[in-house]
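Take a look at this single chain in structure tokens; it is the form predicted on its own.
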């Protein structure tokens, strides 16, 4: 089979797209071995594809690392935009957004843990892009806090930036303690942390 034919075959026999297989293999190997101890050859062997197929969909190993986190961040941004733009009181919109970022982080915990552990391996341009995407997310979240403070629904005693840092500090710490087989399900953790945030904002 030619390289062109191999790379053009976008799914395996089970109908799973090759990019998804590559991302799944990379995520598992990065989690088990670490990014720097995982080679391109390891990834393609685990995914059952050729190097040509990998380079057809991803230009490099750090493109895979970038996409591991990027797909989570895109999901979270899309969901936050939905909550923020909903026709509902600001306190309901903020609480929904605050809980959602916890749930989506926990449901993709390997992805987020891998990324924050290995982000320094990304090139300058990719790091800049990720920081810009994360900043957009945080700014949209902060805008909800500011809306509530401006309208008197939330206390303005604490600057909105610190409120956002408080919540996302908890989110970023999840990977250090949360266990899927532990006492709390993702939604329960999300409800607790969202409630803490809302109590901190009471006027």
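Positions refer to the first chain, counted from 1. Small disclaimer: the values here were computed from a predicted structure and weren't measured. For the two forms, the rigid core is made up of the largest set of C-alpha atoms that agree within 1.5 Å on superposition.
Only in words, not in the display: the form predicted in complex with another copy of the chain, which the text now covers.
Student: Look at the candidate spot formed by 167, 172 and 200 and say whether another copy of the chain comes within 4.5 Å of a heavy atom in all three of them in the model of the complex.
Tutor: Each of the three qualifies.
Student: Of the residues 141, 35, 69, 58, which one places a heavy atom within 4.5 Å of another copy of the chain in the model of the complex?
Tutor: Comparing distances to another copy of the chain in the model of the complex, the residue within 4.5 Å is 35.
Student: Looking at 92, 74, 120, 128, which has any heavy atom no more than 4.5 Å from another copy of the chain in the model of the complex?
Tutor: Contact check passes for 120.
Student: Look up in the model of the complex whether residue 39 has a non-hydrogen atom within 4.5 angstroms of another copy of the chain, and give yes or no.
Tutor: Outside the cut-off, so no.
Student: Against another copy of the chain in the model of the complex, would residue 25 count as a contact residue? Criterion: heavy atoms within 4.5 Å.
Tutor: It does not: once another copy of the chain is placed as it appears in the model of the complex, residue 25 has no heavy atom within 4.5 Å of it.
Student: Although the partner isn't part of this model, could you tell me whether residue 50 comes within 4.5 Å of another copy of the chain in the model of the complex, counting any heavy atom of the residue?
Tutor: Residue 50: no, not in contact with another copy of the chain in the model of the complex.
Student: Taking the shortest heavy atom distance, is residue 192 within 4.5 Å of another copy of the chain in the model of the complex?
Tutor: Taking the distances in the model of the complex, the answer for residue 192 is yes, it comes within 4.5 Å of another copy of the chain.
Student: Core superposed first: is there a CA shift of 2 Å or greater at residue 79 between this form and the one not shown?
Tutor: Residue 79 C-alpha, core-superposed: shift of less than 2 Å.
Student: Taking the rigid core as the frame, does residue 118 move its C-alpha by 2 Å or more between this form and the one not shown?
Tutor: It does shift by 2 Å or more.
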